Every structure is written in structure tokens, then in C-alpha cells.
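Same chain, two forms, each on its own as C-alpha cells: structure 1, then structure 2.
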Structure 1
């Protein structure tokens, strides 16, 4: 039955080569921890992606309860954590995952750096990787404000003051991010939109480019 449906679609769209290309590509021995234990360092990229998927999924569930306005944001988070079944787990996964994804990304970056994998012909992938790095930090910064407790509020305020010191563009940058003169209602809706729509969209685009380039160039050879 499943095979029949698959064949019917494949006859029309010729989809086999697409997934075959991903499935059949060779994984060389030097990146395979089953052969060399030290090759576990090559797992960090995949693990970063794994945690990123967890972040996206848990984030989708968080938005079912979260209310992005300053009157309700805190109480919606508290409600989720205390009253919604498994709400504490969902929020916990997103909270701890946010740290873990940074750790994994950091380890992955170090692996690429110390194995010299950023060298020709992979320069572009390194630059894309750095852009991913900044997007991730942006996600961390904007997400931190959303629970709207004192920690969130004052950390964002400090962040804004730091942005303010940048010459020429600083004050504009600050006002753009804040959506006004103060960290307030506008800032929260703005950060919410950036955290939930803008940055994830950028992240997915960059990840697509990242994976496309890895697939085209293959993993770097043994040292």
C-alpha cells in the first residue's frame, strides 16, 4: 500500500534521487565515532541541530499559552508552569535547551576551528556558521525578556544601555529595538515577534545554506 503510493508519486515527480542523495552519501571513517572514539567531536554539529529542533518544537508549544503583553506575559508563563499539564516540562525544555544549544554550537565551532575545516573551499560555510552564531545569540537575548520578570526586564535594560553606547547608530539602534523611549509594552511585542518569527526564519534559511554547502563539499578530510 505505502509502496504503491510512493511509486505512484515517484513516477510523476521522480523523488527518489532527492532523498537517495542524502541517504546514500558516504560517511568516512575519520568522522565515525564507532571507529575512532575521538571522532565524537564531529557529532556536535548534528547535536546542535537536534537541540535546535527541540527548541523549535518546545517553542511552538510555549506560544499556545504565552501572551505577549506586559499585563499578562508573566502570568501566562506562571500559569503554564504551574497549571498546564506538562507545562513545566515544556518551559523547562525550552529554557535549558537555550543554554544547551549555545554549548553545543560553541563546541561545534571549536571543532571546526581546531580541525582547520574552515579553510578553502569551506570559507563560505564558516561565514554562514558565524551568522548562525549571531542569530543564536539574538534568539537568546530576545527570548530572555519574554517571561517579563525582573531578571528579564533589567537584563534587557542593561543590554539597551550597552547598545546605546555604540557611536552614531547606537541611539537609533536602541530605539529601534525598544520600539520607543523605554523598555515597555512595545519592546515586549517587538522582541516576541523577533524571537518567534524573524530570527527563526533567518536561522532556517542559514541552516539550509549550511547543510547545502556541507552536502556539496562533503565533510573535510582526515587531518
Structure 2
């Protein structure tokens, strides 16, 4: 049945050459762990992307129960943890994955730096990678407030004070993120919108550019 459905779609969209081009793409010998044990360091980028996919999928399921409102946010998370089937597991994956993806991205960045993969002709991809790093940090910061517990509230207040110290634009940046003079309902709403819509859209665009340049330029060789 699946073969019949695939053939029907393939006859109309000609998808076989697309996935064959991806599947048949040769992996350079220096990034194949079967040939070189040191090639495992080249897996950090793929592992980062894998965790990112888990974060996106788990986040989509979390939004089905979460309520971005100061009166209901904490209780919606509590309901998700205790009443929704597998809710605690999904939230745990998203919670710990947020830290793990930063660690893996940091390791990936170190590998790129120490193997000289940021040099010509891959300078643009290095810049895109740094932008992805900052977007990930933004996702971690905005997501931290969403449970709306004491730790999230006061940690966000500290983050706002740090933003306020930025020269010239600090006060405006703080007010833009807070949505007012205090960390309150507007802050939670803005953080939710930024976390769920704005930053993921930027992340997907940057990842698309990142992978496009990797495919065009190839994976850099060892020093």
C-alpha cells in the first residue's frame, strides 16, 4: 500500500531524485567514525540538530496544554506534569533538552574553531552559525519565564537588569522585552510570542541557510 502511495506521489512530483541526491551523498573519510575515532567530534553538529528537532516537537506538544497567562500559566504547567498522559516526560525532554542543545552547540562551535572550519570560503557559514547560537540563547532565556514560578520570575528580573546595562539602548531594550515597567502579564505574553513564533522562524531560516552552505561548500578537512 505504501509503495503504491509513494509511486502515485512520485509520478506527479518526481521526489525520488531529491532524496536519492541526499542519500547518495558521500561522507568524507575524515568525518567517518568507522575510519577515524577522532571523527566523532564532527558529530556534534548533527547531534545539535537532532536535539533541536526534539525541542521543536516537544514544544509543539507543550503548547497544546500551556496557557500564556499569569493566572493560569503555573497551573497549566502543573496540570501538564500531573494530569496529561506522558506530559511529565515531554516537559522533561524539553526542559533538559534546552540545556543539552546549548552544550552541544558550544562543543560544535569549539570543533569548528579548532579545526579552522571558519576560514575561507566558509566565513559566511561561521557568521550564520553564530547567529544560530544567539537565537538558541534567546530561546532558552524566553522559555525560562514561561512556567511562571518564583525561580523563573526572579531569574527574568535579573536578565532584565542585565539588559538595562547595555549602553544607549539598554533601557529601551528592557522596556521592549518587559512590555512595561514591571515583569508582568505583558512580559509573559511577549516572551511566549517570541519563544514560539519569532525565534523559531528565525532559527528555521538560519538552519536552512546553514545546511545549504554546508552542502555547497562541503565539510572542511582536518588541519
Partner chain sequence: MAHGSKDEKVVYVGDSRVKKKSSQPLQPDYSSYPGKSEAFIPNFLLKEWMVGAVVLVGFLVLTISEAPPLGYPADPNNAAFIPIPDWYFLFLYQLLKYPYAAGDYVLIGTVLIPGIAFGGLMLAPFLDTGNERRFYKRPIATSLMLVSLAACVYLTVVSWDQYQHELEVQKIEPEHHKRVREAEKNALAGKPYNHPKPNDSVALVAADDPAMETYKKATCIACHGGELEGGGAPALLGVGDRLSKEEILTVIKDGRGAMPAMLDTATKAGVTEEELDKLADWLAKQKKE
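Numbering follows the first chain given and starts at 1. This structure is a prediction, so every number in the text was calculated from the model and none was measured. Heads up, when I say rigid core I mean the largest set of C-alphas that superpose within 1.5 Å between the two forms.
- Taken from the form predicted on its own is structure 2; the remaining one is not.
- The rigid-core alignment places the CA of residue 201 less than 2 Å apart between structures 1 and 2.
- Relative to the superposed rigid core, residue 19 undergoes a CA displacement of at least 2 Å between structures 1 and 2.
- In the core-superposed comparison between structures 1 and 2, the CA atom of residue 10 travels 4.9 Å.
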